[in-house]
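Take a look at this single chain, the form predicted alone, given in structure tokens.
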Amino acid sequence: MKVLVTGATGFVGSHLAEQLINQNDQVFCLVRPTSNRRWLKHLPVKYIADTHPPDRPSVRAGLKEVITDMDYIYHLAGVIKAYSFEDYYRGNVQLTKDLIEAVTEAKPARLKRFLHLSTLAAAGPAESVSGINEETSCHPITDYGKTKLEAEEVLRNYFEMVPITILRPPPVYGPRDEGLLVYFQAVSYGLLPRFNHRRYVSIIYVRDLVNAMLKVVQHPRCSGGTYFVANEEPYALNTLSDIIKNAVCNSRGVCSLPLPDMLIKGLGTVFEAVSGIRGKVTIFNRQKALELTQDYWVCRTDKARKDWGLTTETPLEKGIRETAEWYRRNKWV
């Protein structure tokens, strides 16, 4: 099979590209000239350069010709940290518009599925630990979530023309992840983050997410569908802290680090200000602090389990242990 992957140089995308190669697919990766290809260097993928000027988004040069022969398209590229709403818009909405327009113009006769990786942030937090489902009204609270939701809405305009499936994972963790890395690093320094005891999150291991993507594109009934994909049960953030402690520190003692909401929001303001001074965008800012002070980032996955048999086979303890071991081998902790 011929497969196009956007965002293949990233955390989830590199794991997907690896698995596609393992199943003998021919993988094409849309990448920017400045992209770090460290996770793909050992893979026999083919690169398609994204050379459009960042301030003048357009349909990618030469992309339509490549798309013509594709069996599957996995759209994982996006912006998770930026200075402004406009930057999020270009990376999440405009990029999605460009790609789906290229698909409709190319009219690929072989295309079996266009899979778009969205996020729980596009739907927003839940009101209780029971979580939200696909029928719940969306209310994203950050620019990232708002632009990811708008990208979904762009794609829904093409459901009649292209076989599209949208997946919304919660936070994804695993080897190569830099999102939860600071959590592991804090624990490795002997600091155990402690949050409001009501705080719960859905989560998924990267291998389980990749398996879900590969599985859902095989089900015809899922064309035109939107699905949450996550472990079946949510976890208290403090339980997650304890599991990370056991994986990182073993029996070594740690000191509890209470993180009340006022402190989280204050740190978000400070990090954002320092980022502006240094001229280097940071993933932790006031909007990320707002996300971290929500009690229930929880989604339900009944629909995915019923429609196409979603399974998440990696227990949290095992996934955290494998992640910690990878961080240690690569000297990230």
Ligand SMILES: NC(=O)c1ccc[n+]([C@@H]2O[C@H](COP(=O)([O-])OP(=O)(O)OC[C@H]3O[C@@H](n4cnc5c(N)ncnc54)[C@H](OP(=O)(O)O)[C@@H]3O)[C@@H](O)[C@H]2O)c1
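This one's a predicted model, so the numbers in the text were calculated from it and none came from an experiment. Residue numbers run from 1 along the displayed sequence.
Keep in mind the form predicted together with this ligand is missing from the figure; the text below concerns it.
Want to guess which of 257 to 265, 238 to 246, 117 to 125, 104 to 112 is within 4.5 Å of this ligand in the predicted complex, heavy atoms only?
After filtering at 4.5 Å, what remains is 117 to 125.
Within 4.5 Å of this ligand in the predicted complex, heavy atoms considered, which of Leu310, Leu20, Ala324, Val12?
For this set of options, the contacting one is Val12.
Considering non-hydrogen atoms and a 4.5 Å limit, which listed residue (Leu191, Ile80, Cys138, Leu214) is close to this ligand in the predicted complex?
So the residue touching this ligand in the predicted complex, by this definition, is Ile80.
Would Tyr144 count as touching this ligand in the predicted complex under a 4.5 Å heavy atom rule?
Result yes; Tyr144 sits at the interface with this ligand in the predicted complex.
Indicate whether Ile166 is a 4.5 Å heavy atom neighbour of this ligand in the predicted complex.
No - in the predicted complex, heavy atoms of Ile166 and this ligand never come within 4.5 Å of each other.
Pro171 versus this ligand, in the predicted complex: is there a non-hydrogen atom within 4.5 Å?
Residue-level check for Pro171: yes, a contact with this ligand.
Taking heavy atoms only, is Arg305 within 4.5 angstroms of this ligand in the predicted complex?
Looking in the predicted complex, residue contacts with this ligand do not include Arg305, since no heavy atom lies within 4.5 Å.
Do any residues of 80 to 103 have a non-hydrogen atom within 4.5 angstroms of this ligand in the predicted complex? If so, which ones, in sequence order?
The stretch 80 to 103, when checked against this ligand in the predicted complex, contributes Ile80, Gly91, Leu95 at the 4.5 Å heavy-atom cut-off.
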